[in-house]
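Here we start with a single chain on its own, the form predicted on its own, put down as structure tokens.
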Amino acid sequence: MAPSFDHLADMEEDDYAEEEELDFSDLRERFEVQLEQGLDTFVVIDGLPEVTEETRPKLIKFLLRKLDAVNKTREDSIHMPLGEDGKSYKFAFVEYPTPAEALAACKALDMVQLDRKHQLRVNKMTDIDRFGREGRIEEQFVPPKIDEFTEKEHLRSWLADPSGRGRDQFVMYKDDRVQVLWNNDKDAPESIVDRQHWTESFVQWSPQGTFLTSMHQQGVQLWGGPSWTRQKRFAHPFVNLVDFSPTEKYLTTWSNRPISIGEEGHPALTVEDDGKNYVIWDIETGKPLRSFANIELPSNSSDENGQPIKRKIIWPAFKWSADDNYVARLTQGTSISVYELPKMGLLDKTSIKIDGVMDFDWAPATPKRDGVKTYEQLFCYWTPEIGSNPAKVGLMSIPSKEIVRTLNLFSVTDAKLHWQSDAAYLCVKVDRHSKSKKSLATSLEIFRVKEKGVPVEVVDSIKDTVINFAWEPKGDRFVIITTAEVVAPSAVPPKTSVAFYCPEKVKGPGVGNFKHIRTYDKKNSNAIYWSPKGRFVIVATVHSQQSFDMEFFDMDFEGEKPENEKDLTANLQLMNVADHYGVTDIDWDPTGRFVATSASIWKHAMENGYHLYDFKGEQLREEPVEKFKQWLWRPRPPTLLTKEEQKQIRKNLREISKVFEQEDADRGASADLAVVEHRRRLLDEWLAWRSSTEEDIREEREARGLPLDPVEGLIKKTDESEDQVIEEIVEEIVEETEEVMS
């Protein structure tokens, strides 16, 4: 028998009747779909030119070109309202199929130039609605309250040394204290500020010395000014490393822990930064520009369990162009991504594809190339041999992405890129293997960047492997360290040779070919430190347990020049040899007058402290410091003097220097006078004490009836004593004989 459903009809009528009496307003309010969720697909484009109904279609078509660059947009999805006067309100609404496309349009199109006079501002509709409600916008205009002007401290006040001696500052980190001090040559340094727990890991100067960076678990802080107050704060949790752009406009921070934005949020970062490791900040505003995650590269080696060993981080991962307009990142083996600042948008919205690219580096200055009217930024890169294709070194111009020069290389094991400070030269140190791949030799491929066509000069007379190379700052000479041994980590440093090179003399303004000057064999040297002003160079052995020599060289010695070096643009002379047990760091001051060598507890715990030398290698101070960690000279910004003014100063240097020499002599004389006065004061105090003591003794002798002169009393007592007879017994041998017994 089929079931009957008649009873269901009665129940349905009862339910409907019952529903009319129930109140669902609280549930409706709780679960009702909010209106702004439906507006997530809308964006508002502001900053448009004012148009009429006749010219509106033309503007919409022009606007579509910008919109289509991000997402394909239909013309009917753009709504541009007109006012009662028939003119537009200078904004438009655009509807996208999905909220993700709307968000992408906001990121890509905000602050983009529509034409020369108009810049687009693109925001989500929900953002405008959210920020504009709840009384945040008043009905009547209320002028903003402008705070009274308060003068800020000059962040470069240290350049006006109050002593008038042009001293340099340095920071010293020891134990848990950070000190900033004035350098006083042979005398003890003068303390400026001394703070405990100023940093949690290390300190770092900005490139031009404006800021001192301290590292904390909560982020990075920048300090400066005469009172050393906090200037900026960048909240990157668990930050490990920082890197400044050359002109101190931007800052890169990195943490090995990915950023985690919890439910409570973050004062500067957003949910979009969650999981990222790098953040690029605008120093002036203190706001983040963009964040990036680590690039996990495959490893070619494995541990004992067969698990791949992670590669060490390459720092800095983001490299800056000399003018701070671009920052680039390498994806090893595939591409180089160049970002435009301050928008941090990808140049031409695409990475530069370079198959196999291993490394790249920006030119440290904007090179003025011969035959080029518009100077662009340059970077160099190299790729290894892939299949039958040779290794390659290339120079690329940015933003045009023009390949300026390429060079093919063969039998390449490794290559290193070395720019000269003025970007006049690029040296590519190429390690080449033999056919059997059992031995290595190095050649130097030197690109003459400023010359027309960028010619390449090859220095291939080096038979051993070059382990260190260094250009002279603002010069055209270089030093290399070579070894015939296999370079491997060991307690005993390998035997090395130090070779010096310079151009030969030529007629005219050009620079001649690079020639070998001299080689010093049987060394253990592994480091080269040029003076920031050039000419003087230190060749040293650092991080060694057995050798710690430092040799001070002058490349323009004013003495007699060897006959075989007459045609070279250098006169090499070894000025001095010094040693510092356990030396780990060597730092020139920014003027090239002094050198600080230090032994950090971060490397070993033996005889930590620092030594101070002048540029000739004469030791000025030796200071043992317990738990010594860091010594860093404060950098100086570029000079404000023009080239003509600098040339005039060099021309009249002898006359100008007389003033400073007299000040030095007066200061030395005043110091000597102070010593003499101190000694005279001590002598006077001693004579006064002696006089008062003699007077006290005289009064005491008179009271006891003793002669005033104790010597006179002793003589008198001796004269009055009776004669004494002293007997002396002397033994004398009268005769001595020897008998032989049978």
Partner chain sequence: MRPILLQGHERALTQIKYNRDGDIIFSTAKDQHICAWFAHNGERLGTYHGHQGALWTVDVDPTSTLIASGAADNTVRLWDIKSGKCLKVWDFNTAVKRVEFNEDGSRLLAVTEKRMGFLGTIVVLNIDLDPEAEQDDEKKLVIECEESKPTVAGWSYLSKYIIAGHEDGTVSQYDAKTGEQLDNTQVHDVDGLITDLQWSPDRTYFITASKDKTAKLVNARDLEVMKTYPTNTPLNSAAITPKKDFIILGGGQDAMEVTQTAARQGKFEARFYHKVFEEEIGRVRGHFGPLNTVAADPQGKGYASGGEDGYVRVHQFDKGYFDFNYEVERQARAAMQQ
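Positions refer to the first chain, counted from 1. On a predicted model such as this, the values are computed, not experimentally measured, just so you know.
If you look for the form predicted together with its partner chain, you will not find it shown, but the lines that follow are about it.
Under a 4.5 Å heavy atom criterion, is T693 part of the interface with its partner chain in the predicted bound form? Yes, T693 is a contact residue.
Residue contact check: E50 to its partner chain in the predicted bound form, 4.5 Å heavy atom: Contact check for E50: no, nothing within 4.5 Å of its partner chain in the predicted bound form.
Spell out, yes or no, whether the shortest heavy atom distance between L683 and its partner chain in the predicted bound form is within 4.5 Å. Yes, L683 lies within 4.5 Å of its partner chain in the predicted bound form.
Residue-level contact is defined here as any heavy atom of the residue lying within 4.5 Å of its partner chain in the predicted bound form; does V676 satisfy this criterion? Yes, V676 sits close enough to its partner chain in the predicted bound form that at least one of its heavy atoms falls within 4.5 Å.
In terms of non-hydrogen atoms within 4.5 angstroms, which of the given stretches 602-610, 361-369, 432-440, 282-290 touches its partner chain in the predicted bound form? The contacting stretch is 602-610.
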